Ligand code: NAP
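As a starting point, one isolated chain is supplied in structure tokens, in the form predicted on its own.
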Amino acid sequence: MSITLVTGGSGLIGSAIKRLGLPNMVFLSRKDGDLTDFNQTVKLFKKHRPAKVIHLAAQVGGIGGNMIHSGEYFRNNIMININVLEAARLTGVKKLISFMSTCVFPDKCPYPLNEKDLHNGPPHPSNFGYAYAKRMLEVQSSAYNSEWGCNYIIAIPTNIYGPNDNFNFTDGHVVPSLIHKCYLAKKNNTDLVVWGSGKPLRELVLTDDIAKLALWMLDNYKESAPIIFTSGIETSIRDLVLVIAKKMGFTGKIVFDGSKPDGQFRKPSDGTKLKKYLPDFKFTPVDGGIEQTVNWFVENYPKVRK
């Protein structure tokens, strides 16, 4: 029996893969072991002996979390990635996909973001610790492929959202944080206060779409170079807030706090490579994806990750 191991199995993408109900999948979460500990990581790999790995485990967050915990994010992500890839090598894993994010690209970068530009300059200062740690994941994968003939590759999705996201205000990304804020504003009959001007643009992709692409990549993608997962459609933060408010049934006042940082204004990415492989793949429209996520949040509150 050929096992596929998913690290970060209880997270956003991991839970989406789990919902597909495929056989011979093992999902690891923090309760199974600490991936910042090398001995625990090797023990887990020896226990399950996976043939393939989807590596999702990471410490992630939004603007607030990245600015406050830049050292912690760098340290923990470096340790997780070094341990997982080395444990995979030692136990003979045949193929491993690791996930990065378009937020790790250089701040001063030609648009649309292209896979070849990943290391061509420093990242945005708001997330430099996380970004450099994630970039080293690509470097480690390339080095292992070169010296030991491993088959370790990188997927780079744009802004992912969906059910089972982290809805924490500090550590959560923009979509889950806004959903949580909107829910509380409606519940407490207060204004909905949003960080920044609302003008920045983001490419938003539902986690269920990323889960399908990850499984496609595991079986079909043969290149060693990274591949970007993007719909190519940008949505402004202001429009995102309005969609969330509509789906939540919030009719109160929305305030954009310009004293708070916007982060990068936009970071459109190049989906040419993905379209070459999957020209007919249909991404879930933001309106439908936000409705699905809001409904899940309301049904599961207060037991959501926060």
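Note that the structure is predicted; figures quoted are calculated from it, not measured. The first residue of the sequence shown is number 1, and the count goes up from there.
We do not show the form predicted in complex with the ligand, though everything after this point is about it.
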property	result
Partner contact for T235 in the predicted bound form: the ligand, 4.5 angstroms, heavy atom	no
In the predicted bound form, I80 touching the ligand (heavy atom, 4.5 Å)	yes
Contact of T36 with the ligand in the predicted bound form (heavy atom, 4.5 Å)	yes
Contact flag, I13 vs the ligand in the predicted bound form, heavy atom cut 4.5 Å	yes
Candidate stretches 215 to 223, 144 to 152, 113 to 121, 93 to 101 - the one whose heavy atoms come within 4.5 Å of the ligand in the predicted bound form	93 to 101
Heavy atom within 4.5 Å of the ligand in the predicted bound form - residue from I227, L85, A211, I160	I160
All of S29, A58 and K134 within 4.5 Å of the ligand in the predicted bound form, heavy atom check	yes
